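Okay, here we've got a single chain as structure tokens, the form predicted alone, with questions on binding and movement later.
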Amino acid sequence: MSDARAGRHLPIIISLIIALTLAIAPLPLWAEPFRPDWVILTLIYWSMTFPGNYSVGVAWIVGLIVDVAQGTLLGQHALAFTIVIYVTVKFHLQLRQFPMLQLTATVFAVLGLYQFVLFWINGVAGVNAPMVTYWGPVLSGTAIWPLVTIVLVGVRQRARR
């Protein structure tokens, strides 16, 4: 890989590593159900921005890393990430044109799909969890989506320079 190519991918890889770190960082017990899904939010942004480079394959690999890091069923997050990123890449041209409010509503729906897949997999595996563990991340992720977008746009603009 050439230095120029590695330089283009480095900010994205670093942002995914930071998102993974935020996903496994300890939180107080009362805040744990409302932890935003940092990794999927970051993947949604990068797959919407660079759908050719960061799509289903990257989502699968990052999902396996999240499964190992969080100690969940192997492939659970990988499948959920893959489905969500497939939808994002499929409609990336429309999503890029949305105003922030409409994009935030769409991210709410996509995060709901993500949590539904996790809910379904946990149901099949016999894992019981309270509903707040599914709806809390959807609500908090939707609330911070504009902030995530602003930060990652800044990262992308700095990487261009």
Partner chain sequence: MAAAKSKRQHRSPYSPALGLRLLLLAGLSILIQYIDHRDNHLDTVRKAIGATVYPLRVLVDAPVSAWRWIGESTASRNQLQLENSRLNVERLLTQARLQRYSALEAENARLREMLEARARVREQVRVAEILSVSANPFRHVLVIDKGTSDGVYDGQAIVDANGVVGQIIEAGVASSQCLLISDPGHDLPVEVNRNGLRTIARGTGDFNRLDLPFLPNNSDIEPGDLLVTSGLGGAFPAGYPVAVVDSITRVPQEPFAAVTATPSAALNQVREIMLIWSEVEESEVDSEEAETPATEDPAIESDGASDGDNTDSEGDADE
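Because the structure is a prediction, the values reported are computed rather than measured. Residue numbers count along the first chain shown, from 1.
Here the subject shifts to the form predicted together with its partner chain, a form of this protein not shown in this document.
With the cut-off set at 4.5 Å between non-hydrogen atoms, does residue 128 touch its partner chain in the model of the complex? Result yes; residue 128 sits at the interface with its partner chain in the model of the complex.
Taking 4.5 angstroms as the cut-off for heavy atoms, does residue 20 touch its partner chain in the model of the complex? Residue 20: contacts its partner chain in the model of the complex.
Against its partner chain in the model of the complex, would residue 101 count as a contact residue? Criterion: heavy atoms within 4.5 Å. It does not: once its partner chain is placed as it appears in the model of the complex, residue 101 has no heavy atom within 4.5 Å of it.
Residue contact check: residue 109 to its partner chain in the model of the complex, 4.5 Å heavy atom: No, no contact at 4.5 Å.
Find the only residue in 153, 24, 144, 13 having a heavy atom within 4.5 Å of its partner chain in the model of the complex. Contact residue from the list: 24.
Output the sequence-ordered list of residues from 65-86 with at least one heavy atom within 4.5 Å of its partner chain in the model of the complex. Heavy-atom contacts within 4.5 Å come from 65, 67, 68, 69, 70, 71, 72, 73, 74, 75, 76, 78, 79, 82, 83, 86.
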